[in-house]
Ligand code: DP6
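Here's a solo chain for you in structure tokens, the form predicted alone.
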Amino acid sequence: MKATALAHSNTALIKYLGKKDEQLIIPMNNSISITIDALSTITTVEFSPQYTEDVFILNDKKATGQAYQRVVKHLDLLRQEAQRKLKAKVVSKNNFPTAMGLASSASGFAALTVAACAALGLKKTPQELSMLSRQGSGSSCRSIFGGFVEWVKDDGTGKSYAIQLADEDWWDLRDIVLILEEKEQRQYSTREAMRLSMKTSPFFAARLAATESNLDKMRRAIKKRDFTLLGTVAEHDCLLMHAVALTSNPWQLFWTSATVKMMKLVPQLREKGLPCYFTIDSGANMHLLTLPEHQESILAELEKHHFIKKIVCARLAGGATIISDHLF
């Protein structure tokens, strides 16, 4: 009863912000993302009578506290689904900074769900896997799929899951991931920050009202491979989300000085004839969206700026999958 899964992080083009149901993690709005190959999680799960309690090891350290409890709660959900009671050992590794606004929980819970279901012998469709994964981390339901993915808030029957809008071969977009901060720990987790914003920001309702139009534009941009439309809408939605965070009580600022410098640099790159647009999740780091023919020129410009700690170039990736190389 052992399996290992690989899942990739996803970059939200239209953000998920606010929950209609906290327990089931049903979102207030649909969201759209791209699954990217350079940021990934590998997770091995083994269920066995030899374990007297669940063990979770993340990046070579035994997890405790909230991180541990979230994994145990998710294992309980999957055990209930399989009608099993065995305890588990979970070993997981991210190849990128954790809890830094790079969607580590998305790849993490997608990998955990796929590996645990395989270890338990649960035969689930990708849609069913996305519904299970969603209950561990909302955005992880999108990492079950590759390419361009939409998380549907409610399909009319009360079900919420992700669907693939187009696969990873549909359009060769590039995501230049800019690591601007590697160590800063946020005051609030993404989940806590979202809860505060929904309850206290006067801009939350305005952002929600603008989302349907942005979703329609994003779907059209993907269908027509309209990069200018995709980038413009992604950047706008990102700024709307951060406006909500800034006007929450207490207010939340995820950016550092390096983030702001980079935000100012992006329009300058466009003026130089280098099409690129930024998006930022709940952290200081940034995703820079562009097309393959402009990537090298943009990288040459970025290398002039020493406040950028690390640059990771990503392409679109496939969905979460079982692999044969176990972590233990």
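The numbering used is simple: start at 1 and walk along the sequence shown. Keep in mind the model is a prediction, meaning the values are calculated, not measured.
The discussion below concerns the form predicted together with the ligand, not included here.
Check: Is there a heavy atom of D281 lying 4.5 Å or less from a heavy atom of the ligand in the model of the complex?
Finding: Yes - in the model of the complex, heavy atoms of D281 and the ligand come within 4.5 Å of each other.
Item checked: Non-hydrogen atom contact L129 with the ligand in the model of the complex at 4.5 angstroms -> Flag for L129 set to no.
Notebook entry, point to check: With a 4.5 Å heavy atom cut-off, would you call A317 a contact of the ligand in the model of the complex?
Noted result: Flag for A317 set to no.
Check: Are any of the heavy atoms in G231 no more than 4.5 Å from a heavy atom of the ligand in the model of the complex?
Finding: No, G231 sits far enough from the ligand in the model of the complex that none of its heavy atoms falls within 4.5 Å.
Margin query: So if I measure heavy atom distances to the ligand in the model of the complex, which of the stretches 139 to 147, 80 to 88, 154 to 162, 214 to 222 falls within 4.5 Å?
Written below: Answer to the contact question: 139 to 147.
Margin query: Check for me whether the ligand, as it appears in the model of the complex, comes within 4.5 angstroms of all of L39, R174 and T259 - heavy atoms only.
Written below: Result no, not one residue of the spot touches the ligand.
Check: Within 221 to 246, which residues have a heavy atom closer than or equal to 4.5 Å from the ligand in the model of the complex?
Finding: The stretch 221 to 246, when checked against the ligand in the model of the complex, contributes only M241 at the 4.5 Å heavy-atom cut-off.
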